[in-house]
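One chain is shown next in structure tokens, namely the form predicted alone.
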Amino acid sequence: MANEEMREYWNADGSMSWVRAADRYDAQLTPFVDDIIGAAAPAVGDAVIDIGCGTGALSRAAAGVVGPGGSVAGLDISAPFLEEARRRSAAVAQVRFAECDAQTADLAPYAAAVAISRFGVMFFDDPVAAFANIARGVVAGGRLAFACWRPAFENEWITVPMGAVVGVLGMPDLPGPGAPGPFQMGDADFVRATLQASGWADIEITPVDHQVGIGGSLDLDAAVAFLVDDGIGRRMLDGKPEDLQVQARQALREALSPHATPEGVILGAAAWLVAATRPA
């Protein structure tokens, strides 16, 4: 089955820290929602599909633009995400959620004018097949807009905490180049080649940078706790001796301390804002 490893991960421990702290993640990523909606430019009455919708923040933002006459379908492989998305979106009549794999599911019936994604397209084991399938869910002349992370070394939100913890625990196993993971699409040439091979045209790839509050506006100690409970943090700390875990948390606090402000712990976040068109 396609994307089996990701399916297992996001239906188990991988999703639970996100579900528990959905408000925190949404607050941290809010600037990118505005970027995506601006690039996608959905119109009133449009049908929209949200790929890798998570707990539905981008879906709800799109619903506010397309209005009651439009529709938004949030698609994800994670049942826990979708359960939370439905709970959070109960009052938004034009939003529906479906558990499916956007790489393989029949998306043609959605006949969407726009496909969007907020950091949900970096986990396919065959990105070309996935984006070709997403195109089949979009009408001729329809639009695609998504945000994906630029390389890890350009993103303070990962390099600062990871650098601190790696100094104590050593380097974790990381996905290889092009493998499913947060930075799969960090190379703009890879993004462009993937979209070209999957049939998209008018491809625009724009760097966007934001200063984001870790977990929103958390103070220093709360930001440390948030990162320790994050999926990456838990994978690095789980099973380690208690003394090393204590050292790693202290190193993390020391690394974040220079970035603590009255508005929270602020770090740089660097993404590609990608837009494309399905040829008519």
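Sequential numbering from 1, following the sequence displayed. Quick caveat, the model's predicted, so the values are computed rather than measured.
Separately, the form predicted together with a small molecule exists; it is not shown, and the next lines address it.
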Given a 4.5 Å cut-off on heavy atoms, tell me which of 192-200, 136-144, 156-164, 115-123 is the interface stretch with the small molecule in the model of the complex. 115-123
Would D26 count as a contact of the small molecule in the model of the complex, using a 4.5 angstroms cut-off between non-hydrogen atoms? yes
Applying a 4.5 Å heavy atom distance criterion, does S78 contact the small molecule in the model of the complex? yes
Quick check on W272: any heavy atom within 4.5 Å of the small molecule in the model of the complex? no
A102 within 4.5 Å of the small molecule in the model of the complex, heavy atoms: yes
Just one of P42, G70, G216, G52 has a heavy atom within 4.5 angstroms of the small molecule in the model of the complex, so which one? G52
N3, W10 and W18 - do all three of these have some heavy atom no more than 4.5 Å from the small molecule in the model of the complex? yes
